[in-house]
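Below sits a lone chain in structure tokens, taken as the form predicted alone.
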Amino acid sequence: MKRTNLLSVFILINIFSLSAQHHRQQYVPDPDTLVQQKLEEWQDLKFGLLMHWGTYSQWGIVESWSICPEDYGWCERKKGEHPDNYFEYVKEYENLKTTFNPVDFDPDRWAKAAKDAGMRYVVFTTKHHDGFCMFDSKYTDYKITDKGCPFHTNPKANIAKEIFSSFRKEGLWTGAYFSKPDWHCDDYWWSYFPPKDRNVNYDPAAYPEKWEKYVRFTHNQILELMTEYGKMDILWLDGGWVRKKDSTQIAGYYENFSKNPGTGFTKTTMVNQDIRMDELVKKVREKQPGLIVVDRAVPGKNQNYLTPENRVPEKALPYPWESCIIAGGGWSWTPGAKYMSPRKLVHLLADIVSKGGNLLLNIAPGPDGQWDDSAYKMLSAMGDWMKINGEAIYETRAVEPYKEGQVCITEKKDGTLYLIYLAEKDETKMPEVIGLSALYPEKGAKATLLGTGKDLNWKRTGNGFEVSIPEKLRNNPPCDYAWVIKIEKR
């Protein structure tokens, strides 16, 4: 994941405002009709799984970023024998490949737990910024299947392939996370120069042959994933600083840098890191027609949906979007991580879906290849809730006023409404009345409480309406955490 810092904040403010109004200008629909259809189907799925996993899990540290020479807390070097020596530390970090042996890796168990929780798609980190491949790429030896990695003899050594296969068998869509920057590749961080920050450490315009090798390397690895790993639904690209910049943008960056030298900008930040996305997308869609491409934080037609990171927008957004959220600890596995409660997860999903988005929940495997028990417990409780109330989540869209007080609102394409009442922590009994002040159903509409099949009485109140909950149902609600009233036309 891309971490928040002064540089990224500066970029967000100047070129990628997160306000809905600005995004309406920035979002560019893909003209491919197959992609448009796929996006519509993706918006019906609502709930997905993200997994960050790599050699770094052995140290229980942030993924990749500790080898980035930037001075931020989340880049801090805390492990190994030489944290005070950058170059020695990088050697130790990359040597984690020789001890990575997740012998308890069981993707079938993950896939079943995800399906039972109500998840409908998975996005897996095939390669993060450190360049370590969790798939059998023929373009590098820095990978899980290399003979220098003890796990390479395991029948499930090609981890990405095993994960995609297991999740497809459970009926989930599959998505490949792939980092555009590769800090291990000599054609990105060239050994002739020391790395200065997260960016390429030379000017591609000054060394075009070197950069062209990197572009081909990136295209080839992505094409491997799109041709040798079965049907793929999503290509989820991270590292938005690797992007095409025109002369106007570069001039603007230099001007901002001169006026704001403390923002973290460097000359490298401003160079054109064009990996020819239009060409790449054309090639991958020849292999995977209709593929959803998410070129994160790069406005244009190759960012088919947007991805607010570890936050939920305050209002509904006018384009396809997905909040990627940490379930516990960090994006990568950390020992003793505390996972969010089932109540918080249910409320989070309802809030996101009521605003028209999807939730991509990150659960990080440990160095042994297992999830924490707390993650399974959280997902199991979520599944119990979804079995009763899932129809209020899937295949719905945002409808104004989206949320009012403790009530989130969703709507099916046929006009069926759902009121999702978010119970407080100590609220075990349903309220006597649940309603809205700015929305009301058509005359004769039928109200029922999901999980009971019981009809409920409702009445107009000004510009809104209220539904009465009988005492017997109030004292014996059908589930925990949140209760759903369905309003449908007769």
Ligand code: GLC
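The first residue of the shown sequence is 1; numbering continues from there. All values reported here derive from a predicted model rather than from experimental measurement.
The form predicted together with the ligand is left out here; the points below concern that form.
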> Just one stretch in 62-70, 40-48, 438-446, 456-464 has heavy atoms within 4.5 Å of the ligand in the predicted bound form, so which one is it?
Replying inline: 62-70
>> Test of understanding: in the predicted bound form, would residue 233 fall inside 4.5 Å of the ligand by heavy atoms?
In response: no
>> Is residue 93 part of the interface with the ligand in the predicted bound form - any heavy atom within 4.5 Å?
In response: no
> Hey, in the predicted bound form, is residue 162 touching the ligand, heavy atoms inside 4.5 Å?
Replying inline: no
>> Within 4.5 Å, heavy atoms only: does residue 324 come near the ligand in the predicted bound form?
In response: yes
> Which one, 170, 309, 203, 384, lies within 4.5 Å of the ligand in the predicted bound form by heavy atoms?
Replying inline: 309
> Though the ligand is not shown, can you say which of 238, 187, 130, 351 has a heavy atom within 4.5 Å of it in the predicted bound form?
Replying inline: 238
>> Checking a candidate spot here: are 52, 177 and 296 all in contact with the ligand in the predicted bound form (at least one heavy atom each within 4.5 Å)?
In response: yes
